[in-house]
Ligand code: C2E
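Only one chain is included here, represented as structure tokens and corresponding to the form predicted on its own.
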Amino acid sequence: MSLILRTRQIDRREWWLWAFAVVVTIALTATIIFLTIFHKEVAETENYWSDLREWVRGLAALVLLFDIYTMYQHRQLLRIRRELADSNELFHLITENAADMIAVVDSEGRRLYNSPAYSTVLGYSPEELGTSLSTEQIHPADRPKVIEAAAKARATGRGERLEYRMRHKDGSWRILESTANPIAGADGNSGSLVIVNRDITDRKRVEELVAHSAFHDGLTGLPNRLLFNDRLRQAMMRARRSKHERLAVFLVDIDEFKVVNDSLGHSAGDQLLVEIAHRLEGCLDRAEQTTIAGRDVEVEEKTQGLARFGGDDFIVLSEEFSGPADAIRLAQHIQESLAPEFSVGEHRIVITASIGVALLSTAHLRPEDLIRDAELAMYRAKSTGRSRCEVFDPEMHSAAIKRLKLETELRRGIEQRELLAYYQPIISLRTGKVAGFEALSRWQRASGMVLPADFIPVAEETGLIVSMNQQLMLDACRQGAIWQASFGCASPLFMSMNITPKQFERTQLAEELRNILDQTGSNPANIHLEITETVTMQDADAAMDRLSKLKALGVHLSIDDFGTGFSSLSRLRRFPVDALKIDRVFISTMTEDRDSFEIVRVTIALAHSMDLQVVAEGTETEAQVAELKALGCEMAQGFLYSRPVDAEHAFELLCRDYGRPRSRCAVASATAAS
């Protein structure tokens, strides 16, 4: 029961109590007067006065009882009034201090009461609120539903929660969550309403931010993969309904973005990504973006969608083109927009992008199919030289299926120990004998040998190269220790092994190598590790740290494929390396090409000036060997001496140069790996 209705009931009860008291008092007084004045003729008798005294006593008793009852009822009313006063005071205390806005409005919408929270939240003074209707500050678009909710509350006696916008005094809009409850009138009908409003503007903003972050990239603010997939799905449905499948997806990958992160730091990389996103947005917003088949076409709405797919990948959806030629023009336009240098802090950065394009066809049933084909085209663009654009064709899909099958078989091959260690001899040009071997992985399947060019790239891309090389190092170190013990060469046989880029990135590489040396009992001085020139130059500080840890184990370090990368001689001088391996590209042409010869000569002279040994890779002719000897090259390897062979044939090469071991156990152990 409402406070107002309770007060009205008490007022009515008190009025009837006093009215009854007056009536009873008048009635008793009239009776006494009647008995004492109008019956004097019988007053002389003794019985009369006796009866009169009885009547008076009875009436006095009634008056006393009535007075007691009246006092009791009065005290009850006073108690109830005090309770109501306390309740009223508590109500005012709550409403005056509540963060929620509480109002009482009549059936015409006039405000009968407004809590101070209205002034705090909306900025209006009590006078301003008192002179306006409760619906005046409500957003025009929300006003009908508020009026409807109020009418429904009065009709049903139960209010419903709703959200609407109300204008702040400064002109901004606040979002309120409101509940209206009716107040029953004296006739039982609901006229007035008690409205409780809560300001949920901040909560709604947080919800919007959460919803936005679920579908947008936190760094660039662009749509993310999830939102792009949804937009692409809708675009595909539109294209199918219109029967004009003019839709293309462009996957833009920034070339060598990792170099920016490694050299300038991730904060600079993030800033560059933001700048790239802005430039792509500007590129897609230009009017020339709507050029179709050489004609300028005006469109009312953007038909391109840009999203960040993660990392340094951006993706573009275009619904306006007439064929592959227009798609290529758009891709070239994107590349041109990224060509000018970017300003990141104090640095000026020039980037290129590889773009894969996939055009919608009947074979694309899902958005994932179209995106997959764009990725395949992008990978083709990167593999053919970067800064290129490739349009997907079905052969790419077939190649991808073939590659996936090869990857699956390679994983199984590693588990089933189908990967074998092969050894290519490295010859001392001074003695002409085997000085050591380079250990190489070969894949022997039941159907035959798989070419390294087929499975090594797959292993590197998938990361399987790490486990492959760890097993190779274990086998090679064990085999090298056996051969050294068997032949007891005056100059110890060394075992050379490649450290792949993914292996070199592992911070635990030195610890893993130490464990292998301990397991196999290998002498670290007989282990040569080859690291490619490009890997060592990408992050000089990290490379120096890892090379120092490896060098601390006592192993020898070589720079592999020297001359094919971008060397910094100042960095190379600081690295703790022992040898350089000249790439086969220069060795194979040094006797016919003067430039190649000069490169080999200068490289050997440079190495010797830094007290480094030189190994020439890819020697195939005696003429090459003669030139290398004349230049002072220490060692060579290549098909002239031997192709990579298994352990048994490598053992025979050692026997050719050093004679057969005297111990049969040594021979047996030396050939056990085969």
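Just so you know, these numbers come straight off a predicted model, no measurement behind them. A residue's number is simply how far along the shown sequence it sits, counting from 1.
Only in words, not in the display: the form predicted in complex with this ligand, which the text now covers.
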> Only one of 441-449, 329-337, 209-217, 599-607 gets a heavy atom within 4.5 Å of this ligand in the model of the complex; which is it?
Replying inline: 441-449
> Using 4.5 Å between non-hydrogen atoms, is residue 560 touching this ligand in the model of the complex?
Replying inline: yes
> Should residue 354 be counted as a contact of this ligand in the model of the complex, where contact means heavy atoms within 4.5 Å?
Replying inline: no
>> Quick check on residue 634: any heavy atom within 4.5 Å of this ligand in the model of the complex?
In response: no
>> Against this ligand in the model of the complex, would residue 69 count as a contact residue? Criterion: heavy atoms within 4.5 Å.
In response: no
>> Within 4.5 Å, heavy atoms only, which of 165, 551, 584, 380 is in contact with this ligand in the model of the complex?
In response: 584
>> I need to confirm a contact call. Of 555, 572, 456, 277, which residue comes within 4.5 Å of this ligand in the model of the complex, counting heavy atoms only?
In response: 456
>> For the stretch 411-425, I need every residue with any heavy atom inside 4.5 Å of this ligand in the model of the complex, listed N to C.
In response: 424
